[in-house]
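Here we start with a single chain on its own, the form predicted alone, put down as structure tokens.
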Amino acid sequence: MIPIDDSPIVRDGKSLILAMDHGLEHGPVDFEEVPEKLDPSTVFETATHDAVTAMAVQKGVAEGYYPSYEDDVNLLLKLNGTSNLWMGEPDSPVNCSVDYAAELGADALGFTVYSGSNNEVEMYEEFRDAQEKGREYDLPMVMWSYPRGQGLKNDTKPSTISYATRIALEIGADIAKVKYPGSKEAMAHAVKSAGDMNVVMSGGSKTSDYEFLSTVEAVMDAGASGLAVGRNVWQREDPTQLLDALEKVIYEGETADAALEE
């Protein structure tokens, strides 16, 4: 863990990462209700909102679209990722080197780790190589810390999420992205388990404005540092309206009710 308060992907100690690695991880199905978002430039436009501290994408999208937005968007480049067609034990192949991420102008790196998978040992070693190489470029590492595998029955159980944040701290992440463990109290324990490392919640599947903002409010009250969200923003008809509300909840400490009323 390194100090990241001065990193471009952090604002006042908080982060709102807009993720769009879904085309690889889930396939075009996530764009069926918003077909215009198949064009990555539409989501890059959304990422120019002041609340967004970074946009997380895979290498190919960064190559093709980031040069047009490098003055307005901070790039978080995902180094690994797998398709939803893969049917084996959870794994995530490395698709981009740290050197090439730096060449593309990345402000930070992202790396998925499936602790509990039969491929855990290999993934930890790959994370080690990427994290240590990233230090040479002063690039912070965001870990998608997702315990998953045939021996894991419930990947959002409170004890599992706390373990996920601790794993991220122990092996050198600067921010841990984890799923919501179901309550503010459980999230608070996950944050405490991470020591001084920043913890952000994974946005997950699209829900109503109020339900989503209420969860974000609970996460912030639990001491988390923000959010890494995709579908709950860019699948909406008016993502700017939701980002306006998220800005109030994450950076200004407002309640979900107050943020929606304004």
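On a predicted model such as this, the values are computed, not experimentally measured, just so you know. When you see a residue number, it is the position in the sequence shown, counting from 1.
Separately, the form predicted together with a small molecule exists; it is not shown, and the next lines address it.
Asks: Is there a non-hydrogen atom of Val10 within 4.5 angstroms of a non-hydrogen atom of the small molecule in the predicted complex?
Replies: Judged by the heavy-atom cut-off of 4.5 Å, Val10 is well away from the small molecule in the predicted complex.
Asks: Taking heavy atoms and a 4.5 Å cut-off, does Val216 contact the small molecule in the predicted complex?
Replies: Contact with the small molecule, no.
Asks: Should Ser202 be counted as a contact of the small molecule in the predicted complex, where contact means heavy atoms within 4.5 Å?
Replies: Yes, contact at 4.5 Å.
Asks: Going by a heavy atom distance of 4.5 Å, is Asp21 a contact of the small molecule in the predicted complex?
Replies: Asp21 belongs to the contact set for the small molecule.
Asks: Counting non-hydrogen atoms within 4.5 angstroms of the small molecule in the predicted complex, say which of Arg166, Lys184, Lys133, Lys179 makes the cut.
Replies: Contact with the small molecule in the predicted complex is made by Lys179 alone.
Asks: Of Lys59, Arg231, Lys37, His49, which one comes within 4.5 Å of the small molecule in the predicted complex, counting heavy atoms only?
Replies: If I apply the 4.5 Å criterion carefully, the residue I get is Arg231.
Asks: When the small molecule is placed as it is in the predicted complex, which of 117-125, 168-176, 102-110, 140-148 ends up with heavy atoms within 4.5 Å of it?
Replies: One stretch meets the cut-off, namely 140-148.
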